[in-house]
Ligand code: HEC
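Next up is one chain by itself, shown in structure tokens, the form predicted alone.
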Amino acid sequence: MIKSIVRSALAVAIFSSGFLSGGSIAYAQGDAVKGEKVFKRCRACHQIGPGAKNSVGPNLTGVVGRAMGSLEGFAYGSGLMRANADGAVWDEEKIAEWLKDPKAYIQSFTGDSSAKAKMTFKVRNEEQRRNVAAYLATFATADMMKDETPDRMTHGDAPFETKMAARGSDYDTSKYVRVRQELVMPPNAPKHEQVASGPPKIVEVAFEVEEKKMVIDGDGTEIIALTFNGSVPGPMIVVHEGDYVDLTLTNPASNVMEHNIDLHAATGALGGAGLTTVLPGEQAQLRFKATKPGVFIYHCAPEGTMTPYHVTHGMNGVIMVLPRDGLKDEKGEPISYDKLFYVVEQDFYVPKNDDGTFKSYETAGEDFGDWVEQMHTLTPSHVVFNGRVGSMTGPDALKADVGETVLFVHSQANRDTRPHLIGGHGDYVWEEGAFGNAPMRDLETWFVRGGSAGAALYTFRQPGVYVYLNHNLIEAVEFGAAAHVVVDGEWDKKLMEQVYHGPIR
């Protein structure tokens, strides 16, 4: 908690610091203590206080009294650069007005309708805007806050993680063969061995973050999706227990937001999130050992509210760590599969206009305030498989043949789900995703906890169209959490036949 600072003393401190050159100081008349709570949302993009650095947004220490667009080392939008050239200086009142709508404010302030603002987040509530402005004013200079460190969940700048990242490898990886995994788009999995041949390897994987528009239903509803390699979900990674995963994460300069990756299969540093936080124009490389066999989710995990915001914009996927000797049944006997279907259930929280239509946005982050407000209702606008309604139905339906054994890998990074195959079963089910445990047998529906992945094996015995869905039927039928599996082959009357159909007898 910040120290109590008397407003009159603060005014003297700001004025005497030499930040303001003439004119009166404009105050937003806010409550700094309440503003600290509101500012928790802002910490996803802005640092403040001792040791603060530029992040997705500029360092805000000393912003009150600072010339607009003037912080060295940060690339501002054209609007703030224009304001800087005109000699404009931030005060609390200007900050409060900026937070209402940065783009509209800077265009009005400069008189330039083409002026751009990188910041898209808006604070609609006037009291909250004034409280944030008052909170920022308590960080008028770095010297005023030398003895205080604001509470924040850190990823990339935690002292221990920074130290470890700088150490480099102190173990010998030269004996490992390096292989490059060619990632493919869901619902497919990359080529892989079910039983590992040879000793553990270093498996190289490359992820590039893409922020892009995606249509998520048949009505043309758009979101600015945040993706690993351009797909929702991100591609599946497949390795074996004991392998090293050497993952390179690239955040192109054309992106707007900070990103990282938390892999539930990894050990330490927040699943790797603490060592992979990258701003636009940066790249990070992470190597970790896959020590636990099973199916695990991965997802982006920036600070605070940005974690659920990124996850519910599609930034999640699955890594499968197979036992070196393959899957086993409850008796320890080997079992295998002919195909693998990779299904990720995704909840979206698309805001609506006053007339009930879904809103659309042009850039990543522009929907932040509206999206978070909808998230807080805990009521998704869409619950879909693999990024959109109908992603695996009609011409995109999954395909199999009678007699083929399919491994369904199903994950949900945020909410619980209940996979079910209508007309089939889970012959073997690793409901908790742990391949080291004996599978359950012959389940009708299985349970996948939010923040995890599960796996189910089934051998198709009859031809036809099977519906694979979340057996919350409201979410499946009304929201879109369903897929089709089209199975070819000969019908087996011993398993089912229609005995009679016609008038009542």
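Residue positions are given as counts along the sequence shown, with the first one as 1. Just so it is clear, the structure is predicted and the values come from calculations on it, not from any experiment. In this text, rigid core is short for the largest set of C-alphas that superpose within 1.5 Å between two forms.
One more form of this protein should be noted, the form predicted in complex with the ligand, which is absent from this view; the next part is about it.
Trainee: I need to confirm a contact call. Of Arg324, Arg287, His420, Lys118, which residue comes within 4.5 Å of the ligand in the model of the complex, counting heavy atoms only?
Mentor: When the ligand is considered in the model of the complex, the option within 4.5 Å is Lys118.
Trainee: Note which of Ala32, Val56, Ala52, Ala476 lies within 4.5 Å of the ligand in the model of the complex, where distance is taken over heavy atoms; exactly one does.
Mentor: It is Val56.
Trainee: Given a 4.5 Å cut-off on heavy atoms, tell me which of 303 to 311, 424 to 432, 174 to 182, 68 to 76 is the interface stretch with the ligand in the model of the complex.
Mentor: One stretch meets the cut-off, namely 68 to 76.
Trainee: Please tell me whether the candidate spot formed by Met257, Leu263 and Tyr298 is one where all three residues come within 4.5 Å of the ligand in the model of the complex (heavy atoms).
Mentor: Negative, none of the three is within 4.5 Å.
Trainee: With a 4.5 Å heavy atom cut-off, would you call Val132 a contact of the ligand in the model of the complex?
Mentor: Close contact exists here: in the model of the complex, Val132 approaches the ligand to within 4.5 Å, heavy atoms only.
Trainee: Residue-level contact is defined here as any heavy atom of the residue lying within 4.5 Å of the ligand in the model of the complex; does Trp98 satisfy this criterion?
Mentor: It does: once the ligand is placed as it appears in the model of the complex, Trp98 has a heavy atom within 4.5 Å of it.
Trainee: Might Val278 be said to contact the ligand in the model of the complex, defining contact as any heavy atom within 4.5 Å?
Mentor: No, no contact at 4.5 Å.
Trainee: Quick one: does Met320 come within 4.5 Å of the ligand in the model of the complex, counting heavy atoms only?
Mentor: Close contact is absent here: in the model of the complex, Met320 is far from the ligand, nothing within 4.5 Å, heavy atoms only.
Trainee: After the core is overlaid between the shown form and the other one, has the C-alpha of Arg124 moved by 2 angstroms or more?
Mentor: Arg124 C-alpha, core-superposed: shift of 2 Å or more.
Trainee: Once everything's superposed on the core, is Tyr309 shifted 2 Å or more at the Cα between the shown form and the other one?
Mentor: No.
Trainee: Core superposed first: is there a CA shift of 2 Å or greater at His471 between the shown form and the other one?
Mentor: For His471, whose C-alpha is compared between the shown form and the other one after core superposition, the shift is less than 2 Å.
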